[in-house]
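The chain below stands alone and is given as structure tokens, in the form predicted alone.
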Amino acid sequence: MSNASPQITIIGAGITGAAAAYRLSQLGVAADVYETGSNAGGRMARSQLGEAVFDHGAQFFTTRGNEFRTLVEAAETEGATRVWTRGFGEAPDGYERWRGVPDMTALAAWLLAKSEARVYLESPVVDLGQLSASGIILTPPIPVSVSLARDSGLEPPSGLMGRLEAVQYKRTIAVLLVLKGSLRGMPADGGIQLSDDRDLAFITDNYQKGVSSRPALTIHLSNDASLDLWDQTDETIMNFAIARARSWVEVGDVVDQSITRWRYAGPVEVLPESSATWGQEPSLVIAGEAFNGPKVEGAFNSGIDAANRVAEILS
């Protein structure tokens, strides 16, 4: 790790923040990374109930561009990623779906380990003005980042603010079930993607996927069902998810359970640029999956662009 005093602070240790830290390290610039949660990864998240472990955010990622593919393959050689499956359903399309090892947080953690960033987990930032940084990269969902900037007296200019405030997000509810016995009816790879189901989007057996040492089921409700049930009780949501999942697999006895509500599960539409900047001393860059391509690779590319921008501004 470099002994140089960081000039740049990154808010968020999801894939965007981790990519930014990684790129800054390549440019010889140290950074501090502050993360509210106890793990890196953002929505590439893990959860644990007893001995059962869950990927309960993003279930996989793809590699379309050469830069991201090269990086993911480098992570694979060090045991941080691997191909999970080459498609879902009776006629897989053959395109690689990657996963982190041992879980989906691994790629962000690997990027941060390769960087020279100092990472502070469980360290929420409530006032950007208290940071001793010449440049700040904001990577949480846009409404969270904008609110933090506004509360810190570092609000974006009106034109940019209007465009940022227009970005809308989908919601997703994740239901986590620890099962007494093995799950029956699940494909060998442990995943069912339900693109045409009104109520469910994805079902994963984390045991078959290789994440958990015991049967642990992640059920993602569809965006429509998540919105409909958002304010319902956990019991109502749980009963709904289990009943709908039993249309696809034999769930069996449930011994423990939990629910996660993802308010910002992904942008409805993305902004055309890869990141946006404003301000001086500090200069701010806002980035994330809502910029120039959603999903994991888009978030990675946005982090790389944010790092390049802030490094250029401060050079």
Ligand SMILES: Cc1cc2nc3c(=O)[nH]c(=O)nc-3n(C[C@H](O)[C@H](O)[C@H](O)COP(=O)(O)OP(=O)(O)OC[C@H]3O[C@@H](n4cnc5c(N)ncnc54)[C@H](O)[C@@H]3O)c2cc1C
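Predicted model only: the values in this text are computed from it and were never measured. Position 1 is the first residue in the sequence shown; the rest follow in order.
Absent from the display: the form predicted together with the named molecule. The rest refers to it.
Review point. Among 246-254, 271-279, 284-292, 24-32, which stretch has residues whose heavy atoms lie within 4.5 Å of the named molecule in the predicted bound form?
Key: Heavy atoms within 4.5 Å of the named molecule in the predicted bound form occur in 284-292.
Review point. So in the predicted bound form, does any heavy atom of A80 sit within 4.5 Å of the named molecule?
Key: Outside the cut-off, so no.
Point to revise | Contact flag, A58 vs the named molecule in the predicted bound form, heavy atom cut 4.5 Å | key: Yes - in the predicted bound form, heavy atoms of A58 and the named molecule come within 4.5 Å of each other.
Review point. Contact between R46 and the named molecule in the predicted bound form at 4.5 Å, heavy atoms?
Key: No, R46 sits far enough from the named molecule in the predicted bound form that none of its heavy atoms falls within 4.5 Å.
**Study point:** Contact test in the predicted bound form: H220 vs the named molecule, heavy atoms, 4.5 Å
**Key:** Result yes; H220 sits at the interface with the named molecule in the predicted bound form.
**Study point:** Selected contact from T172, T105, S115, S212, since only one has a non-hydrogen atom within 4.5 angstroms of the named molecule in the predicted bound form
**Key:** None of the other options qualify; the answer is T172.
Exercise for review: Just give me the residues of 125-144, first to last, that have a heavy atom within 4.5 Å of the named molecule in the predicted bound form.
Suggested key: Heavy-atom contacts to the named molecule in the predicted bound form: V125, T139, P140, P141, V144.
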